[in-house]
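For reference, the chain that follows is the form predicted alone, supplied as structure tokens.
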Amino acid sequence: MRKLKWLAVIPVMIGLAACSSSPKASSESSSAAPAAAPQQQLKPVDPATVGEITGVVKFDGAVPHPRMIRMGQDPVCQKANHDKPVYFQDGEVNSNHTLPYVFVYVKKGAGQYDWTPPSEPVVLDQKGCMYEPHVMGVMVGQQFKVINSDPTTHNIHPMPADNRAWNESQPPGAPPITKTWARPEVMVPVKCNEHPWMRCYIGVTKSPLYAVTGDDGTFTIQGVPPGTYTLGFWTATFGTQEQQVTVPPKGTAKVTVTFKAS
């Protein structure tokens, strides 16, 4: 009989032990939770110390043969360009063996500064059944405005990987389409579903430290705080490159980059 009494007491003792240990386990688990990472304190840019980055993007190798665009499917486009041939801009090489349409931007080193998007929008036009400009930049949060200067309907279809995609038509005389970009992305290709030859590229950055090379292959990035940076060079046809550069206070850093034929 005494043995049966002890058997009845054992489960009660086990239950009491389990209950008494649960607060300790809860305390240990709560104390082990990781603390939130402190936010990075961004620095203001001192205008009195900023410099600039200038350079040229060269091309080495056989110049690709330009490909002519045929716009016969839309009489409006054909008429708008009847006086001159129009060529695809991807793969274009300047007469001095430099590259146009190269997107040059500070890829690393600018994240420590507090950059405010400009109040004025970046404008993409549809003119002569081509996107103008062919390559452009815009800051995260800055207004991006699309207008249609042609007497025909166009379609704007960005195809981002890290931002929200959209696809909208814009008839002649329609109001501008205004958007903003939420995340940096280099580059966002844009096409027109109405005119398959129309194509452009948008570089979305967190800072205003970017430029696009012109018909002489040169570029200038102004307002650069002194320091060491990694520059990114993007082309639609010949790939990408990186180069490190150091900007002295109120000085100029010069760089030269060469892309080779594919």
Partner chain sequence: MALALAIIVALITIVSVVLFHVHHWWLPENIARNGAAFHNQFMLTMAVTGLFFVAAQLSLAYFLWRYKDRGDARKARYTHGNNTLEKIWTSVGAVLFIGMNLLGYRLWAQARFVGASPGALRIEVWAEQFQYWFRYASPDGSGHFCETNVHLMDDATGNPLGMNLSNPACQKNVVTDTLGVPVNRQVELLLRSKDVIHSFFVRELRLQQDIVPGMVIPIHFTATKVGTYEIVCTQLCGLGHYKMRAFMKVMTEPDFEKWLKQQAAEQ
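Positions refer to the first chain, counted from 1. Keep in mind it's a predicted model, so treat the numbers as computed, not measured.
One more form of this protein exists, namely the form predicted in complex with its partner chain; it is left out here, but the text below deals with it.
Legend entry - Partner proximity in the model of the complex: residue 92 to its partner chain, non-hydrogen atom cutoff 4.5 Å: Answer no; every heavy atom of residue 92 is more than 4.5 Å from its partner chain in the model of the complex.
Inset, instruction - Look up in the model of the complex whether residue 75 has a non-hydrogen atom within 4.5 angstroms of its partner chain, and give yes or no. - result: Because a heavy atom of residue 75 falls inside 4.5 Å of its partner chain in the model of the complex, the answer is yes.
Inset, instruction - Using the partner position in the model of the complex, report whether residue 167 sits within 4.5 Å of its partner chain, counting heavy atoms only. - result: Flag for residue 167 set to yes.
Legend entry - 4.5 Å heavy atom contact, residue 206 to its partner chain in the model of the complex: Residue 206 lies outside the contact set for its partner chain.
Legend entry - Heavy atom within 4.5 Å of its partner chain in the model of the complex - the one residue of 196, 223, 44, 214 that qualifies: Here the answer is residue option 196.
Inset, instruction - Work out which of the listed stretches, 65-73, 206-214, 224-232, 51-59, brings a heavy atom within 4.5 angstroms of its partner chain in the model of the complex. - result: Correct option: 65-73.
Inset, instruction - Taking its partner chain as it sits in the model of the complex, which residues of 117-145 have a non-hydrogen atom within 4.5 Å of it? Please list them. - result: Nothing in this stretch is in contact.
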